[in-house]
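The chain below stands alone and is given as structure tokens, in the form predicted on its own.
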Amino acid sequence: MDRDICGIPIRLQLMKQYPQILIFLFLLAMVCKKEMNTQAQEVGLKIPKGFPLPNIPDNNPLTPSKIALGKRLFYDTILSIDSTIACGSCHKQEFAFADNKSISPGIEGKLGFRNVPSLANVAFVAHFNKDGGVPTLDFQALVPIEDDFEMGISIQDLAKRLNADSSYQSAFEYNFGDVASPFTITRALAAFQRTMISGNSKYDKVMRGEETFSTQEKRGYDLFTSEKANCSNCHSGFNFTNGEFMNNGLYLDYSKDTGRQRVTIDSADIGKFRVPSLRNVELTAPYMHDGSLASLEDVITHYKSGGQPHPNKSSTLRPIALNENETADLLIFLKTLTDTTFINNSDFR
């Protein structure tokens, strides 16, 4: 078994045989942490209390000018074949960089088959797309750019288009010492998206001791974390997700979208999707991988039912007996996860 320390794979057996390695690794980790903290400070990233340091690859360090380039690209319709669609066309700040449509239209109004995910805290996500088919944020932009139902342009053609613009050419040269390319385009976009950190909701302020829950919010929080509702079994940690791929019994038939199975080709993964973060969940309706549930009330009703008995449905899901008052309490708590600072941050516009 290996453990990754600052990008270096280390065998745990070796650590046991040579304890002095532990001292070296501890010092190495401290140096890495200091470097990441310094980098975060230099670009103005504010890491909320209780959050880990974001994963910033060695080959794509953050700089203010690179973030600015990524932001320009994010909102530029030049990224689509007919210059009508930008990343920001579907990932809208007022919806925590998600969208309020079940399926957001791409070029020529074309519709794909998945709901747009929020980009909040993508700096802390391990696998991208709802099926986990993309391993890093630095590759993720390739999917919507080249998808015929989204932006519909080859990344190579996009690079040529950007290099024909003298201001983009200068910006890429300055930030990467190179022209626009599949590597530099995706890295610039990832740099901007890594700054989209959301951690200043009422929930966060309560956890930091700055505010207190109302009586109803506290009841909802206690219910959320209780064995009865069992919400925090999947929506856990600082980002309210365990990061796993699970089948939540939404359907008996997933032939329209088999989820994780599209990546693994394993029938045991049919209907499994990445557990989403619940941060800003009040703003990201409609819900589920296909946007089929219109409201949070609909989502709670689904989980109260226990879901459809699909063979791959998670064993942790079972019917939940919540009365009207408990349902209302749970909804009120979920709304404490809304971060108005995040959706009004001018740095993202």
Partner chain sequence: MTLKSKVTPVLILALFAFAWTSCGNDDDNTSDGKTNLELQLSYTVNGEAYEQDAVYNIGGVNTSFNVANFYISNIRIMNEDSEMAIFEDLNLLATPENTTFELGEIDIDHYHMIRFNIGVQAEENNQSEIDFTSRPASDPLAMQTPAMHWNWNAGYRFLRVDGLVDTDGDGTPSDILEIHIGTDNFLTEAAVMLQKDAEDNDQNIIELEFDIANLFTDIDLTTENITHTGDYPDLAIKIKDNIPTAFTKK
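No experiment lies behind these values; they were computed from the predicted model shown. Numbering follows the first chain given and starts at 1.
Omitted here: the form predicted together with its partner chain. The next part is about that form.
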*Proximity to its partner chain in the predicted bound form (heavy atom, within 4.5 Å), stretch among 227 to 235, 181 to 189, 79 to 87, 117 to 125*: 181 to 189
*asked:* Please tell me which of 107, 207, 155, 223 lies within 4.5 Å of its partner chain in the predicted bound form, judged by heavy atoms.
replied: 155
*Tell me whether 244, 288 and 296, taken together, all sit within 4.5 Å of its partner chain in the predicted bound form, counting heavy atoms only.*
no
*Spell out, yes or no, whether the shortest heavy atom distance between residue 131 and its partner chain in the predicted bound form is within 4.5 Å.*
yes
*With the partner left out of view, is residue 262 within 4.5 angstroms of its partner chain in the predicted bound form by any non-hydrogen atom?*
yes
*asked:* Is residue 135 part of the interface with its partner chain in the predicted bound form - any heavy atom within 4.5 Å?
replied: yes
*residue 146: heavy atom within 4.5 Å of its partner chain in the predicted bound form?*
yes
*So which residues in 193 to 211, when you check its partner chain in the predicted bound form, have a heavy atom no farther than 4.5 Å from it?*
none
